[in-house]
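In the form predicted alone, a lone chain appears below as structure tokens.
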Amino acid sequence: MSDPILELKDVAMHFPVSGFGRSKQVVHAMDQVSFSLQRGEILALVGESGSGKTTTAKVIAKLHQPTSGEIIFNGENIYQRKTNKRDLGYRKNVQMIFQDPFGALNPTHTIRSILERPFLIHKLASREQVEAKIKEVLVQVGLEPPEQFIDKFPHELSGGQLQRVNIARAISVDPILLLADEPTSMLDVSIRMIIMNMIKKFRDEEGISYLYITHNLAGARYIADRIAVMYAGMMMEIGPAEEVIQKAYHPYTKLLRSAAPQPEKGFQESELTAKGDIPSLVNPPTGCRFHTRCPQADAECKELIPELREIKPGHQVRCLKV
């Protein structure tokens, strides 16, 4: 296997809690997060709301500086970069597609104004060349003819069209890695498959790597090469997509699978073996983060934090009972 394009090594992200008497409290948004991503690979990061998925993407995008750990991109620790020029180069190579297509675009700017900035900031086109470049990238994301969209404002487009503009802005600078934060969750079902196929097309044609964040296991199974399952700020299981879905080892992954719609079973309800909500990340439970909801937990699980260990080649699990 070739050297990974991205590696996270025991990354933690703790946010201070504001308020009287809380000066020493922190939110454990990420703890001991480690994984790698190969060039041209799509890794789906799956978990319920509050599990730390978006924080992971924002740390990689350098929107938050991690509390501890290392993030290696193309063999270099991204938080040891000292010059603005090198930082700008990183931001060109690593782009983010945000979840909300309406909130991600400036409502006072036209699509022309929004899409010309990446070309000019990164000096990828002159003022004379930029309009042709904008039209080219609009065609790439299926907004044709581009003349119909280039001078419109965001409020004049549908949600699906706006997300295409967001994708156009991200791919316009020829990135190596795209961080897609639930890019289809706010779109109509009919549009979701179009956007997911577009993402796969850019991977196949341009060799772009993706960290694809979602809470939808079916979507992760369709789009990803591998799936990483996150819970309460920690990685619980990482492995090949089909294997994680069909032969999950961790009780939390099994819970996610049992909660997902299964049309083949009709309207018969399956019993969920775990109950409760994600624990407080200000005062996370001792031992395994999942033990408060786990049907297999015992006294040992309440005391020891399991290591993320390899169960079989390419498949890692954080559980004492596996």
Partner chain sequence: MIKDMLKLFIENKKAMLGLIILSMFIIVAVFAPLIAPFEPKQREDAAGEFPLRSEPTSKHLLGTTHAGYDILSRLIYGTRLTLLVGMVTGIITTFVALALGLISGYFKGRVDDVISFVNSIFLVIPSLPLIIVVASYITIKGVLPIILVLSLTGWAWGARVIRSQVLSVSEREFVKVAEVLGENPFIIVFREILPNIISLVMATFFTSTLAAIIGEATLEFIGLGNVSAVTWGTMLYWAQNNAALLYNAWWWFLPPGLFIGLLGTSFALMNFAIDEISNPKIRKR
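Positions refer to the first chain, counted from 1. Since the structure is predicted, the reported quantities are computational estimates derived from the model, not experimental observations.
The same protein also exists as the form predicted together with the partner chain; that form is not shown, yet it is the one meant from here on.
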Option from 103-111, 206-214, 139-147, 70-78 whose residues, in the predicted bound form, bring a heavy atom within 4.5 Å of the partner chain | 103-111
Proximity of K123 to the partner chain in the predicted bound form, heavy atoms at 4.5 Å = no
The partner chain contact in the predicted bound form: L63, any heavy atom under 4.5 Å | yes
Tell me, yes or no, whether R169 is in contact with the partner chain in the predicted bound form, where a contact means a heavy atom of each within 4.5 Å.
-> yes
Given that the partner is absent here, does R91 sit within 4.5 Å of the partner chain in the predicted bound form, heavy atoms only?
-> yes
With the partner chain left out of view, choose which of M96, A248, A232, V229 has a non-hydrogen atom within 4.5 angstroms of it in the predicted bound form.
-> M96
Stretch 140-170 - residues with a heavy atom within 4.5 Å of the partner chain in the predicted bound form = F153, H155, R169
